[in-house]
Ligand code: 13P
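Only one chain is included here, represented as structure tokens and corresponding to the form predicted alone.
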Amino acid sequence: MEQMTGSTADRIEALRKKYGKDLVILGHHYQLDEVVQHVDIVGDSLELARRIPEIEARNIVFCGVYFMAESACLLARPGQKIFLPDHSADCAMARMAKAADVEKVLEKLSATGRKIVPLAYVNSSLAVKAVVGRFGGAVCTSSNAKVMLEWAFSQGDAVLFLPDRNLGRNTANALGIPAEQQVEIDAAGTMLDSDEVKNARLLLWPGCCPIHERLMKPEMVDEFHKHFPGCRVLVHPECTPDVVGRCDGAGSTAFLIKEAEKAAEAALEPALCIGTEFHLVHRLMERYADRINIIPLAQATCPDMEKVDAASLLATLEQLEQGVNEVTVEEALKAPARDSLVRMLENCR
């Protein structure tokens, strides 16, 4: 390749121009601004999953974390290649559910004679999605968790929701599922014979997003309401039920973005507090600075999302033809994992 000069941003744009229709760059809302400025399609997990099948470009560069790139591989067309600028960009929540553990738990639950339908949050590995697919389950995102949890309940006697206990509880609470019918299990499955588990409608895996669970606290919500009476706090449902219960609303990344836009247009609130990953909140703060004071509940950033930066994006584009940073998935896992994703897309059209 010819030598390129100029800033990192200029070099990225030159390569985008060079590849033209053969390249599409996708990016999650939690990505750094230095990356988002080069992205063709920005969205949350559901929006990006929906867009992949319509992309015709031969090369898709996914700026996000590893499980997202794996999902893109499942939905891509034959001949398309998926790239992730930094393969170490993982997800702490996804690591909390290992495929072997999930399979053992589902086998034990199936042996009881009850039909337990697994529902996996998209923040899970391809191997976990494959296990879920084999057991007749599906994937969900925070945007469609209510729809997919209702679907899962309709398919069997109970649901195993994984790996995020908080999204599971918050979604069940929104659907009116009594607390006594929601039971958190352990990853080893040592308590599956208890009457509590046998009578539960919803079994929750013991996982969480450390960013949303540990850094977003109930007292922070109370403090905001104290200083800004009448103003709202909106959070992502990966926050704990204690936090969500004190808030004025909870929803997906797409929900939070839309609510910020509506609040800015209405100009009825002097301030709006948003509790989710800080790069997105900061972007909203800047976008609507002249109309509303958007305040982060906590300056919580995802270290894995930050691993993909402008430098790693440039390096990937410079070596695209050599296949550097391409993401591939095990052939044996493709069909069942894709089944779990397709069930979500078909039920949420």
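When you see a residue number, it is the position in the sequence shown, counting from 1. This is a predicted model, so every value here is computed, not measured.
Unshown form predicted together with this ligand; subsequent notes refer to it.
Contact segment among 53-61, 320-328, 39-47, 289-297, judged by heavy atoms lying within 4.5 Å of this ligand in the predicted bound form: Partner-contacting stretch among the options: 39-47.
Sort through Ser125, Asn166, Thr253, Gln182 and report the residue having a heavy atom within 4.5 Å of this ligand in the predicted bound form. So the residue touching this ligand in the predicted bound form, by this definition, is Thr253.
Is it the case in the predicted bound form that Phe135, Phe161 and Asp339 each bring at least one heavy atom within 4.5 Å of this ligand? Not a single listed residue reaches this ligand in the predicted bound form, so no.
Check whether His236 has any heavy atom within 4.5 Å of a heavy atom of this ligand in the predicted bound form, and answer yes or no. Output for His236 is yes: heavy atoms within 4.5 Å of this ligand.
Would you classify Thr171 as touching this ligand in the predicted bound form, given a 4.5 Å non-hydrogen atom cut-off? Flag for Thr171 set to no.
Wondering, does Trp205 line up within 4.5 Å of this ligand in the predicted bound form on heavy atoms? Heavy-atom contact with this ligand at 4.5 Å: absent for Trp205.
Does at least one non-hydrogen atom of Ser71 fall within 4.5 angstroms of this ligand in the predicted bound form? Heavy-atom contact with this ligand at 4.5 Å: absent for Ser71.
Residues of 142-178 having any heavy atom within 4.5 Å of this ligand in the predicted bound form, listed in sequence order: Only Ser142 sits within 4.5 Å of the partner.
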